[in-house]
Structures are given as C-alpha cells and as structure tokens.
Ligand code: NDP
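In structure tokens, the next block holds one chain alone, the form predicted on its own.
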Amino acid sequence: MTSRRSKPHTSEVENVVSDQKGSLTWGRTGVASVFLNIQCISIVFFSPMLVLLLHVAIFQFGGSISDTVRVFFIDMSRNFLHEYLSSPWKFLSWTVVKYFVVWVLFQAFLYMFVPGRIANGAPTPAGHILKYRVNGFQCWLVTMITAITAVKLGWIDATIIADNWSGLLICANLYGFALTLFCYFKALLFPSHPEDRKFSGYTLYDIHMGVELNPRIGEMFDFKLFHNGRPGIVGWSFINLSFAFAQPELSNSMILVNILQAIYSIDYLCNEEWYLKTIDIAHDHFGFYLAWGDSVWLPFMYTLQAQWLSKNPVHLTTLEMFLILALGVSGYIIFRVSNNQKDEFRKKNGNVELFGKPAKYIEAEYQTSDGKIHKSKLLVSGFWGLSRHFNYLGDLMLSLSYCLPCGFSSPIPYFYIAFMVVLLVHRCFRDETRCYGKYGKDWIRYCNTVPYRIIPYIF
C-alpha cells in the first residue's frame, strides 16, 4: 500500500461515478462493460477454485502451496481434474447433505421465530425503509445450547464439522450457486421491490453483482441479513470449535484463534442493528458476490487458521500469546469504539459528545428516486475525524491477530489478512464512489475535512 494522502480533488471525484445517462446516482454505481463482464466470469470460476486449492493444500499436502500447485497444474502423473474434480462425490453422502440442510433450516427457523428487536434499515434508493428482525446473538446462544446438548447426549460428535469438511464444501458450493440463480430469476419474475433493482445490460454481470437490493420472502425474511449473519457468522464459531476438538492435543494457538474470532463474531451478532447501515446490507445488491460469498467464502476462508492449526499445531510462548492478544484486543477496541461513536451519533442526530467535546459534522443532502430530498449528518470528529474508516484500522489489526498464532511456516493462514487489506481498501473506494453519487459536493466538503481513508497521515 503506497503511503499518500487520500484527499480527493473535485475533478478527480467527479469522474468516478456516472450512470449511462451521465447523471449521478447512488446504490450500485458505475457502468457495466465487456471488461467487467469478463471480470465477473473470472471471479465466478476462480473463487471456487481458490477455495478448493487451499482446502486441498491443508488436508492433502500438509499446507504446501508449491506441492499443491504442482499436482494441480503441472504433474500429469496425478491428474488433478481426474482425482479431485471428476470424483467429488466420494466426499459426499446423504448424511452430510442432511447435516447441511438441517443446519440451514434450523438457522432459518431461529431467524424467523426467536424473539428480537425490530429495527429499521437505511433508506433505499427508491425511498423504502425496511424492517429487520435483529436477534443474532439470541440465535447464536440457542444454537450453542442446542449443540452442547446434542454432543452431551451423544447425538453428534464435537468433531462433526471437521470430520465432514470436504463434503460440506461441496454442499455449500451447490447451495451458493443455486441461491445465486434463484435470486437472479426472482429479481426478474417476482422482485420484492422492483424500483430498487439495477440492470446493467450484461447478464453475467447482473448474476454476479445482483439485481435486487433486498430480496425477501414475505415481509421479514431478508436474504442478505440471514445469509451473512446466520449460516455465516453464527457458523464461524462452531467451525472453529469443531476443528479445535479435532486437534489430537489442544494447542494454545488454537485456543487464542477461537477466542479472538469469537470476539468478532459475537460482536457482530450483538450489534446486528449497526450492520444494517453497512455497505453489505445497505448498498450491495444480492448476487453471486454475496450469495456464494456468504455460503462458501465466509465459512471456508475465514476459518483457515483453525483448519490449518488442526493439522499443524503451533505452541506459543507466554510472551507471544500476550503480544498477539494485545494486538487483537487493541484492534477490537478501536473497531468497537469507533462503530459505537457512529451509532450513537446517528441515534441522537448528532447531539453527542465524543472524547469530551460536542460532535462535529457536515450537513449533507441527497435525493431518492421518488424525488424526495433527505438530509444526513456526516461525522467529522472523534475517531471519525482521524480517518473516514478508522474502524477498518481496528478490523485489520484484529485480522492480523488471527493469523499470527499460526506461525510462519506457510502463507495459507495469512491469506485472511491479505484478503482483508484488499477488501477494505476496495470498499473505501467503492464507498467514496457511492457517497459522491449520493451527496455530490457535500461529499467533497467531507473528504476535504477528513482527508485520510483508513490510517491517519498514511492512507
């Protein structure tokens, strides 16, 4: 990452976003092209291949990327396509399918029927304010109690996920692709909110990025919140625990990874209402990017550290444990305090004190597609006066703390921090594009007031 000021000039930002008519827009922005269509095809093909490659590297080749790549693409004596792709069903059984289906249906049942607050989402481009049932932590708690009970009664083994990991990978992929196609045709045939759809003119781009902003079944079953927060985030803790039980002798590094990642996942579920205003929920349309991403990428790539440690235990010194824990806790504090500042600022319409001083903000206006003018306050003090996404700095510190317990014998556990750097930096630019399309010159004033994107004085 290059060290430079990220202060946008008017001419620089005005060229970032325009729709096909040349007017500013918000929601999903930008014009699809043949190049973007090819990009989408590549992502749809190579993302599952990358997940499979890392999966095979950990469980077939002891974590060696070079050996895996050699067998996959070079060594014709062990044909990759024949050995791994033409016979995936050897890892799959009706029992594994049953486990997967029961898991998804159980989480859907909890999502719909476990008591929780009803919260409002951000206004959509068409002016809809949707209601969400935020009961994530309650669902996690019920799932934990149910799992502990099932293990104690001998109905399932604590290692059930780790023992069936390859089969679950196949199930998750089938589900993710099926969900993607279902949501695309749903957007065409029976959309939840037709005014909030986005069509690019390129079918593959629309399948990848999504057409519907908020696909739903009925009034309350929201596809985006459910798939990200339930099978994905709730599942994160249980995947890690299963791989911890699969270790022949539980290592302190595995304990540390479970603790640090549980902090993040439980925080998400406890603060689910705050996430209704994030890019994933408020702006991204629901296509392959989120449908397959929540079904496969999140559970299989965000748990790489636990997977790795189950096969390659690392024993940390007391000092190493303390330093990694300090990094993770510091990152979490930055992440949580900055998010709390933004949340309190929104709830109290700017009438809050941050670090003992009244909050400072910029008044901004935007227009929805129904022609109505709305006003927003853009926070420019507290942590949010240091950078536009100071919470991302905490997120990156926490992400690095997940990887360090795995040592340095393989790059595989560090894929997560590399991915998070790319993801969050890209999100900064995506967010800037959307916000300029939404707020126009008020957004330029905001960027001039808060010139750094993530790391103050650096980026």
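This structure is a prediction, so every number in the text was calculated from the model and none was measured. Residue numbers here begin at 1 and follow the sequence given.
One more form of this protein, predicted together with this ligand, exists but is not displayed; see below.
- Remark: all three candidate residues (H283, F335 and C435) come within 4.5 Å of this ligand in the predicted complex, counting heavy atoms only.
- Contact with this ligand in the predicted complex, judged by any heavy atom within 4.5 Å, is made by just one of Y302, F243, Y111, W292: Y302.
- None of Q247, N339, S265, S200 but one reaches within 4.5 angstroms of this ligand in the predicted complex through a heavy atom, and that residue is N339.
- Contact annotation for D67: none of its heavy atoms lies within 4.5 Å of this ligand in the predicted complex.
- R346 belongs to the set of residues with a heavy atom inside 4.5 Å of this ligand in the predicted complex.
- This ligand in the predicted complex is not approached by V97, whose heavy atoms all lie more than 4.5 angstroms from it.
- Under a 4.5 angstroms non-hydrogen atom cutoff, this ligand in the predicted complex has K377 among its neighbouring residues.
- Heavy atoms within 4.5 Å of this ligand in the predicted complex are found in one stretch of 381-389, 161-169, 190-198, 101-109, which is 381-389.
- Along 413-434, residues Y416, M420, L423, L424, R427, D431, R434 each place a heavy atom within 4.5 Å of this ligand in the predicted complex.
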